[in-house]
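Only one chain is included here, represented as structure tokens and corresponding to the form predicted alone.
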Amino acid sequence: MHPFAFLKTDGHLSSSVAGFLKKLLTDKIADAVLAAAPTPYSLLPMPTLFTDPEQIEKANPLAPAAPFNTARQAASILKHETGKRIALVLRPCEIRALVELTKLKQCVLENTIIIGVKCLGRMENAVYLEASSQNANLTQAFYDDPVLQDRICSSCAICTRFQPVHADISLSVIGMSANESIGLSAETDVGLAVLKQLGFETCDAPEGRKDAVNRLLEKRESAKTAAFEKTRDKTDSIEKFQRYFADCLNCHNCRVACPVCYCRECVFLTDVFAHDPEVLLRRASKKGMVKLPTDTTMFHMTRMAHMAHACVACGHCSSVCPSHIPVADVFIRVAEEIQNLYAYEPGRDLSEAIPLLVFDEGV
């Protein structure tokens, strides 16, 4: 059982969490904090790097929105050791992606404090903005109102990995009354040291919290089984697969939004798929016509073959699709099958080798 502390909210969830993060700066426990916050121009909470304790009062990392997976932004701050201690407030899927990027030598995690959120999910951007326009205190309302919680995106509704791994401290909202307090769970020695430096007294986690987690897990497992079956029926042949992605514009937004897609140059942006006119005319002559671009199906299949082992199921590939294709529904299902095949869970263990980089002579 991890040491546990209570952060009093008294009906002011966002400001209480922001106050907790502020003390990391004022007490010089961290030199900077990465946390989601609205901008002067939009209510959408964007990843924001804070160094000024007064500015961090604007942070709202528990808001039920995430315009994109923040792992990429976190990795840009952590490309190499800077001598500064950085605290990062991340969702479980963002932490998992950051761990995978660390394995790929895209960043380093030394001298960080990772604060994870036991996550109830995120709303799509348009849904969040609409709800925010109707409720100035949406973050508080979200954790109090199951009806609002049902408005999360489809990928979050089937997420069974909503508890952070590799966090030093977890913000525990599940099974807690966010109107009164939320939990701070020390997951590592680093996390425990931070809580002690901030003056928190630790105790055992409250009874009932584990039951609440298990109930949510059971609900998500059931929803995932149903969703996987529905998607499988729609894509269990090449013809069905092509029909599923028929409205794809080849914009590659799904690739850009993917937090674990790290190649400096994508093969689909090279001469490999820059076909000569003769090739296109030859393809057209076979059937009398050919759709352009020609490689839509190849693009999605290649992405799955390349990245399915590392998919963290954040669902942002669907969120950015201008044609509103539920890309993530297919990708998450395929990814789970591939990950089960390799007995590999992305983000589970920093020391666990990436399957595609391992050669086993005995197999």
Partner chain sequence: MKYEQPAIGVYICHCGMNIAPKVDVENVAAFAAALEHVVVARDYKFMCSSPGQSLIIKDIRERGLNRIIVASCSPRMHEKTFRKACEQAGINPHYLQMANIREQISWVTKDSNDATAKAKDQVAAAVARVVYHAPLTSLEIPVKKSMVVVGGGIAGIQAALTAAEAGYNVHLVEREPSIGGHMAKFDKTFPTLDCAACIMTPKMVEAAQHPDITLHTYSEVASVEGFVGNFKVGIRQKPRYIDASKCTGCGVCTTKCPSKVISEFDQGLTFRKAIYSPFPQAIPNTPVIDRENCLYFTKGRCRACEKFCEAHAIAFDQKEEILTVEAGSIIIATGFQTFDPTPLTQYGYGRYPEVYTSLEFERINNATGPTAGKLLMKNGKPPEKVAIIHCVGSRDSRYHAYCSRVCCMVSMKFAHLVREKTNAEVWEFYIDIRSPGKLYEEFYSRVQEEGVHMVRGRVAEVTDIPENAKNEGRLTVVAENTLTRRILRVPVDMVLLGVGLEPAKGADDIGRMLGVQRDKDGWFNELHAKLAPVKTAMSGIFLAGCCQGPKDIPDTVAQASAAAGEAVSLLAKGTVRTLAEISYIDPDLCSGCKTCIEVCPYTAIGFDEGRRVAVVNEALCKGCGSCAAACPSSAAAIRHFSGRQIMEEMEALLL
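Residue numbers count along the first chain shown, from 1. None of these values were measured; they are calculated from a predicted model.
One more form of this protein should be noted, the form predicted together with its partner chain, which is absent from this view; the next part is about it.
Novice: Looking in the predicted complex, is its partner chain within 4.5 Å of a heavy atom from each of K23, F68 and S323?
Specialist: Checking in the predicted complex: none of K23, F68 and S323 is within 4.5 Å of its partner chain.
Novice: I need to confirm a contact call. Of S133, Q197, T82, T270, which residue comes within 4.5 Å of its partner chain in the predicted complex, counting heavy atoms only?
Specialist: Comparing distances to its partner chain in the predicted complex, the residue within 4.5 Å is T270.
Novice: Here the chain is shown alone; which of K219, R282, K210, K230 has a heavy atom within 4.5 Å of its partner chain in the predicted complex?
Specialist: Here the answer is residue option R282.
Novice: Spot the stretch among 259 to 267, 186 to 194, 173 to 181, 123 to 131 with residues whose non-hydrogen atoms come within 4.5 Å of its partner chain in the predicted complex.
Specialist: This holds for exactly one stretch, 259 to 267.
Novice: Consider R215 of the chain shown here, and say whether it contacts its partner chain in the predicted complex, taking contact as heavy atoms within 4.5 Å.
Specialist: No.
Novice: Answer with yes or no whether L104 is in contact with its partner chain in the predicted complex, where contact means some heavy atom within 4.5 Å.
Specialist: Yes - in the predicted complex, heavy atoms of L104 and its partner chain come within 4.5 Å of each other.
Novice: Should V147 be counted as a contact of its partner chain in the predicted complex, where contact means heavy atoms within 4.5 Å?
Specialist: The answer is no: V147 has no heavy atom within 4.5 Å of its partner chain.
Novice: Classify R151 as contacting or not contacting its partner chain in the predicted complex by the rule of any non-hydrogen atom within 4.5 angstroms, answering yes or no.
Specialist: No - in the predicted complex, heavy atoms of R151 and its partner chain never come within 4.5 Å of each other.
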